[in-house]
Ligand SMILES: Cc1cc2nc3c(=O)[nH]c(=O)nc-3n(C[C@H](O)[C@H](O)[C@H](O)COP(=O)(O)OP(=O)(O)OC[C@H]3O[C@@H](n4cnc5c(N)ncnc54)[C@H](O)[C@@H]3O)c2cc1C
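First, one chain by itself: the form predicted alone, in structure tokens.
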């Protein structure tokens, strides 16, 4: 039995602790904040994410508490035209083996946290901010902000897009600022007009902007996320914003989306950031995971799913002695980098789908509306249909 130090107590870090504990190792999760908690609102989980949660022993709990979505619904936000919907019911679930669900981010984190607390092989240490690492032939050490050193057999950096472990291992500086600001709010579902209560993840696409909404927390709330291409150059996270300002940014949208946006209160803003894919995120007995390894914009709704996939693959590979960890980390890196890089690129490129105007928007609508349900399912099969989460085969599912 070996001891692995996991830096970061978010979704990826806790999932990794569960995954390696199931292989008989001990996990010590070091969280910089004073408590283990997850900020944010809604999170989408495609079938590949549910498959990963099944492998961690949490799939049934998530299915029970999540909202099972019937459609991904694409609307022209200016005209109000329903362009196309991807059905997520019988044929989709049969093909990909699982439903498409949405949960509150805090709910998913809470389920992972409860499972970690129940495991005798997992230690959770809040208030432990890690600034650097060191290693030799026998183990790996993290250095805390206090100067304290903690040593284990290996280190896994799951400390997010501004990872201290990545800063030392990869050294690629600050994240890339996308130039897009997203505004988020939650509203009680009883405030939503009946005619807009669709059991769908709905996108309203407009010029240089789009607006997404879906029900979460067992259908009690509607999660609102509105993106605006404002050429932002400074990263912000969770900054309160006046309701009137948010409404003014989306004046180009039609009546229905503006009606929903007007219901939002307590808006907060984030400027979206990501990083370019890298080939290597492993250094001997130290490796990265989730947003620390391959941070992506949320537009493919795969960030959490990819962190969960990482956790499963890494746990499976660490069914070995500590002496093998360096080689197994290299194998994990090799197996995951192609798939995650492709999703990073798709997430960036999807802006071209959401933000066109005029004739470009009309051409997009015509193309999307011509696609059958099978064609739409084919388009996402390589992401949603993954089962072993390894390298991507061109044009197909991952194996």
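Small disclaimer: the values here were computed from a predicted structure and weren't measured. Residue numbers count along the first chain shown, from 1.
As for the form predicted in complex with this ligand, it is not shown, yet the points below apply to it.
Enquirer: So which of 155, 304, 216, 253 reaches within 4.5 angstroms of this ligand in the predicted complex, heavy atom to heavy atom?
Expert: Of the candidates 155, 304, 216, 253, 304 is the one lying within 4.5 Å of this ligand in the predicted complex.
Enquirer: Report the residue, out of 51, 26, 335, 31, that has at least one non-hydrogen atom within 4.5 angstroms of this ligand in the predicted complex.
Expert: Contact residue from the list: 31.
Enquirer: Spell out, yes or no, whether the shortest heavy atom distance between residue 289 and this ligand in the predicted complex is within 4.5 Å.
Expert: Flag for residue 289 set to yes.
Enquirer: Answer with yes or no whether residue 44 is in contact with this ligand in the predicted complex, where contact means some heavy atom within 4.5 Å.
Expert: Close contact exists here: in the predicted complex, residue 44 approaches this ligand to within 4.5 Å, heavy atoms only.
Enquirer: Even though the partner isn't displayed, in the predicted complex is residue 20 close enough to this ligand, meaning a heavy atom within 4.5 Å?
Expert: Looking in the predicted complex, residue contacts with this ligand do not include residue 20, since no heavy atom lies within 4.5 Å.
Enquirer: Hey, in the predicted complex, is residue 105 touching this ligand, heavy atoms inside 4.5 Å?
Expert: Taking the distances in the predicted complex, the answer for residue 105 is yes, it comes within 4.5 Å of this ligand.
Enquirer: To test your reading of this chain, name the stretch in 71-79, 241-249, 128-136, 312-320 whose heavy atoms come within 4.5 Å of this ligand in the predicted complex.
Expert: Checking each option against the 4.5 Å cut-off leaves 128-136.
Enquirer: Any chance all of 121, 283 and 326 sit within 4.5 Å of this ligand in the predicted complex, going by non-hydrogen atoms?
Expert: Negative, none of the three is within 4.5 Å.
Enquirer: For the heavy atom contacts within 4.5 Å of this ligand in the predicted complex, list the residues of 142-167 involved, in sequence order.
Expert: Contacting residues: 158, 159, 160, 164.
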